[in-house]
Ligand SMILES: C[S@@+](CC[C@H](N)C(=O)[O-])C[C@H]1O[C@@H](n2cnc3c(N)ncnc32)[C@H](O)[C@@H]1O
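Shown next as structure tokens: one chain only, the form predicted on its own.
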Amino acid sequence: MVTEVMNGLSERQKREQEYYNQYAQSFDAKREIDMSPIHGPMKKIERRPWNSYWATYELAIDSFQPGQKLLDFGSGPGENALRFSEIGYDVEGFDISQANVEVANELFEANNRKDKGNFQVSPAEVLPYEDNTFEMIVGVDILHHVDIPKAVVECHRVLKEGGQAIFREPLEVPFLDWIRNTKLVKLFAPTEASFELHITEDERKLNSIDVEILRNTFPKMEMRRFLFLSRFDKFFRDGEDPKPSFLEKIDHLLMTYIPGVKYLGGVVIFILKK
């Protein structure tokens, strides 16, 4: 079945597969993975509710119950899956790239977690799992790479009744993205395919139509928005900087106390309950 599915990939899927087969070559499975977004909240050392990645992990932490299975929806080279296993989940993951799957398995073995993670090659649109398998599904920057209507139906199918899926995704903000896509801004912040910037040829931000598809499949949907002023971090802040972002903190305050500002947020966490 999996072989048949992989042989029937669309041209878009083949481009994504080739990109990530090449991208995986730059990932060292023996590198140390930053666990601070997990250890901070779990050990009550630090929380960053203004950071969309930390907030995604914290949602998975808050929902955890021993013995639960989590699907890392588009697991890449496995660093997010390793963090979810640190919480305590038994992790399954899939990726369209064979190279990514190999690196993820190596990463778990290098961290003595081989019994806590299992990875398979698969597209998001046809998953190799039984119905009602997972209590938790988490996808980090994945839906904007896939056929959303098909992938969301599969997500709903493999999620258990009473379970939830969490997706962190870029979201189109019409006026701001119009400015973002002007030639002048693109000179300083390109949008073309790039390994350095981790941009594929076919990826795109989610739009209002995609949001409605998610809502129709998961009527009990919640959205939390991020990234307004912190859009400008890319111009003067190293993307690998481990310190908290001042602009993200400002965004969090603005969106908390001035509700309308949240509609300018270019990143959203979707919380989908079945």
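Note that residue numbering follows the sequence shown and begins at 1. Everything numeric in this text was worked out from a predicted model, so none of it was measured.
Although not depicted, the form predicted in complex with the named molecule is the subject of the following passage.
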query: Thinking of the named molecule in the predicted bound form, which stretch from 137-145, 152-160, 85-93, 108-116 has heavy atoms inside 4.5 Å of it?
result: 137-145
- prompt: Heavy atom to heavy atom, is Gln164 within 4.5 Å of the named molecule in the predicted bound form?
  reply: no
message: Is Glu172 part of the interface with the named molecule in the predicted bound form - any heavy atom within 4.5 Å?
response: no
query: Does Leu71 reach the named molecule in the predicted bound form, with heavy atoms at most 4.5 Å apart?
result: no
- prompt: Hey, in the predicted bound form, is His198 touching the named molecule, heavy atoms inside 4.5 Å?
  reply: yes
